[in-house]
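Okay, so here's just one chain, in structure tokens, the form predicted on its own.
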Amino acid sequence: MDALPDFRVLNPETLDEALAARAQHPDSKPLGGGTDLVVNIRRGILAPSVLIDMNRVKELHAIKVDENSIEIGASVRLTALAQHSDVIAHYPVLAQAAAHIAGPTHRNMGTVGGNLCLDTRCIYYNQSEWWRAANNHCLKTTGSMCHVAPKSRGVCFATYSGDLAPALLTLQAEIDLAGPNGKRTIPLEHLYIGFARQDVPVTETQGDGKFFLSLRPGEIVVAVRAKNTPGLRSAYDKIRIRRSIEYPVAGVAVALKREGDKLTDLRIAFTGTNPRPVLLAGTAELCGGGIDERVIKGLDALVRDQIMPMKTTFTPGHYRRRVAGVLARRLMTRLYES
């Protein structure tokens, strides 16, 4: 890896101080565990002149959880979330997603906010500076085309791979943001705008693999919140080339309710496939009966229409879509029968 460029590190102790630092240094980056950001800096992908260390802001470290609701501060470590007994008991999909992230040392450093805002990646973009320079830069850095999808007409197809987002999407979570214009709360689903459609221009509400978050200039993630749904069963799993460190070929979160022999609620979300985490649309139409051939075929059709993965170093895109569908079907069946 290349040597790190010069930068300053600021250490605010309150959220107001952190926001003031962001406003004073527009090109700054918030620093949590640094497991993604520092690697990108070392690879020459990013070169911020200022890093704002968020770890001393105590108000961002709380986990408030019971059987009714959960609130998680942006600076909570992934290990703390994965091992929290009440999270395991009441929100198993979230604890399992946290436990699946990278390896133990990464989870000890990485934060909830960092994983939710994880940079998108592809087989071209996430190489060293000298490698990218030798092969011409891509659309996501300083180039003008996507080398993974060269006929994409200026659209970047880099993939979102965070694990917490799909789990929280099945819980219908909201996210608290703070910036120069105050605080706001939005549905977590609205944070992600990476659609990567070739026929639609990039806007503030629909982006691609380069513009994949709806954060406004200077905004910081404060916390993420969700309410529990009585009787909801949930789980998370993913397929990856190696059991630790590796990003997912596909990751799937499933939450459902069963009343008698009827499936009454079904929520499925994916990561590692599109430029955003995908909360599968149309699953309500699969409810009303048991898990039969109609439900299986319906789920396969929804995955086929909404999951659009690109190739990776190890796998073609159609393989990843197939893996995503099979993983979703297995989790759904297991939760229904448990």
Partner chain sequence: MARLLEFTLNGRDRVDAVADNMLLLDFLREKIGLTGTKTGCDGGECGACTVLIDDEPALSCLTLAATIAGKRVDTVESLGHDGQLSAVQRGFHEKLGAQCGYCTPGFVMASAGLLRRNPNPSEAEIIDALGSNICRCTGYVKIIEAVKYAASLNAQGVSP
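Numbering follows the first chain given and starts at 1. Just so it is clear, the model here is predicted, and its values are computed rather than measured.
One more form of this protein should be noted, the form predicted together with its partner chain, which is absent from this view; the next part is about it.
Stretch-level contact check against its partner chain in the predicted complex with heavy atoms at 4.5 Å: of 64-72, 287-295, 29-37, 270-278, the positive one is 29-37. Although the partner is absent from the chain shown here, 9, 104 and 109 each have a heavy atom within 4.5 Å of its partner chain in the predicted complex. Taking non-hydrogen atoms only, residue 300 never approaches its partner chain to within 4.5 angstroms in the predicted complex. Contact between residue 311 and its partner chain in the predicted complex is not found at the 4.5 Å heavy atom cutoff. Although the partner is absent here, residue 51 sits close enough that one of its heavy atoms falls within 4.5 Å of its partner chain in the predicted complex. In the predicted complex, its partner chain lies farther than 4.5 Å from every heavy atom of residue 262. Note on contacts: among 183, 243, 216, 153, the single residue with a heavy atom within 4.5 Å of its partner chain in the predicted complex is 243.
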